[in-house]
Ligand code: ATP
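Heads up, the chain below is alone and in the form predicted on its own; it's given as C-alpha cells.
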C-alpha cells in the first residue's frame, strides 16, 4: 500500500495503526500539502453492502462534528475495492499507550482528560451520534496534551451490523456497558459507562473487570460491582470516586443522564476536590436502598389514634374538650408521651428482673408448659404421630419447592423450636416438594451470555462446550443437553454447545517473485490474502516487479494475512567520469553531447585546453552518448554505470 495514491490526491507514506476492522496509514494530501491519516477498511468488510451503507452514512454524520477534542474527518472515498476515510493526522500516542507507560495517572490529570473526552461526547450526543466504542485505544493524546476522540463513524457502523460480541468487537469488551454486553438498547448513557471505565483505568492503572475470555468479562460487566478505585489508589478523592462509580452504575437510570451532567461534577472537583456534587449523585451513593425508618412522631400519632378508636364516646368528647383547652403545644405533648412510655418500660423491666431473682421457677413455665421441639429438617411422616401422646399435633399448612431439603422434609415450623408453650398445642409446618422442576427453554441461536445468565439465575450448573457450525454465528448457542422441552431442576447440569463459527481453512501462500505488483495484488486477492505492504527497493529487475516476499511461497497462513512485498524501482542511480576528445585540427570546435537523447553538454572548446576534457555521467545500467562536433554526429559511446 505504501506509495499508492488514492483519489489522485492522497499519497500513502507508511502504516501507523492496525485494528480489527481497518488499517491506518500516514499519508500526504498533495492538494493541500499536509499530512493526513487514511483509514482503509479490511477487505472482508468491503463486500458487505449493508455494512458499507451504514458506514458511509455514519462517517458523513461524524464529518459534521467540529470540536477540538474530536479527530476531524476530511473525506470519504472508494477506489476499486478500497474503502477509505481521510481524517486529521494527530502526532502522538493513544491514551492506552500513555496509561501503560505511566501505570496510573495523577487524579487531577485523569479528571482533566475525562473533561476533554466528555466534552467531545457531549458535542456528538447533541448531534444524535453515539460512539459505542469509547476506549483508550480510540483516544489520541497529542504532544500538547490535547486528547482527540476518533472512530465515531466506524464504531457506529460496526455496532449496527452485528448484535453479538464477535470477532474484533471482542477487543472492546472491557469497556462495554452492561446493555451492550446483553445486546440491548444503547444510548448516550452507554458512552458515559465506557468513559467511567476509562477514568477507573486512568486512576488505578487497572481494568475494573477482567477474565480469561471475553464472555467472562461481559458477564462481569452485567453482574459484578467494581472494586473501589480508592482501594487501589488512596490519593483519589472521594468525590472523584463517586463520579466514576456513578458513571459505571449497572442501571442506566442511576448513571449520569447526560454528559453535560457529568461535566458539571468533573469541573467542580477539578477546582475543589471537596466541592459538593450534583444532588442526584449524592442520593445514589448507597449500594442498597434502606427501608425508611418509622419516625417517633409517627409512632406517637399511631398510639394516639388507637386510643381514640378504643375510647367510649363520652371519653372522646372529653378528650376533645381537653385538647381544645390545653395550653401545651404539640412538642410538649410528644415529650410527655415519651416520658410516660419510657417510665413504664423501665418499671416493667425492673419487675421482671426482680421476679427472675426471687421466683426463678415462675418464668420457666408451669408443669403444663414445655419447649417446642425442633422439626425443621425432619421427615413429616416420621414426626406427624410422634408427639401425639404429649398433646402436640403436627399439621401441614403447605408445600414449597426447596433445593436444601428433600421431598417430605419440614422446611418451616410455627411456633419456632425452643419456645415455651402450654399443652396442648399444634405445630404448623411447611413441607418441601424438593427441587423445583421446570421445562428447559429452547436456547438455540440465542446469545451464550444471555443463556448462561438465565440458567444460572435458575440455579442450573452451566457447562460450556465449543463446537464448529456453518449455520450458527460465533458465540451463539447451537443446542443444549438435555435438549429443549426437557424437565430440569435446580442443581442440575446443562451442557451448552456454543458455536465457534466455521473454522478457517489455511491459505497456501503463492509465489509472487517476478510478477508485476498489480498482478501480485490480484493473485493475493484471489487467494484470500490481505492487501500487501509494499516496499520499493533498487534492483536489476525491471521497475514494478516483485523481487522478494516476506512469507515464503507454500507457507500455510490464515485468511487475509498481510504479506510484505519488496518491489523493484529499477537499478540504483550511479555516476561515472568520462573523457571527451577535443579535435586538434583547428583552434575551436563546438561540442554537443546527448545522453539517451537528452542534451547534457553544449559548449565550444579550444585547442589550447588540451586534447580532452572530463564530463560526469549519471544514470542506471548502460547509457549511450552521442557526440556532435560543429553540428555533425561524430561518435557514439556506450558507458556502463
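Not measured: the values here are computed from a predicted model. Positions refer to the first chain, counted from 1.
The discussion below concerns the form predicted together with the ligand, not included here.
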message: Which residue, 88, 536, 531, 261, is the contact with the ligand in the predicted bound form, using a 4.5 Å heavy atom cutoff?
response: 88
- prompt: Among the candidate residues 245, 140, 188, 520, which is the single one with a non-hydrogen atom no more than 4.5 Å from the ligand in the predicted bound form?
  reply: 140
task: Indicate whether the candidate residues 21, 94 and 151 are all in contact with the ligand in the predicted bound form, with contact defined as any heavy atom within 4.5 Å.
output: yes
query: So which stretch, 583-591, 599-607, 32-40, 46-54, is the one near the ligand in the predicted bound form (non-hydrogen atoms, 4.5 Å)?
result: 32-40
- prompt: Looking in the predicted bound form, any heavy atom of residue 135 within 4.5 Å of the ligand?
  reply: yes
- prompt: Wondering, does residue 16 line up within 4.5 Å of the ligand in the predicted bound form on heavy atoms?
  reply: yes
message: Under a 4.5 Å heavy atom criterion, is residue 477 part of the interface with the ligand in the predicted bound form?
response: no
- prompt: So in the predicted bound form, does any heavy atom of residue 115 sit within 4.5 Å of the ligand?
  reply: no
query: Does any residue in 557-574 get within 4.5 Å of the ligand in the predicted bound form, counting heavy atoms only, and if so which ones?
result: none
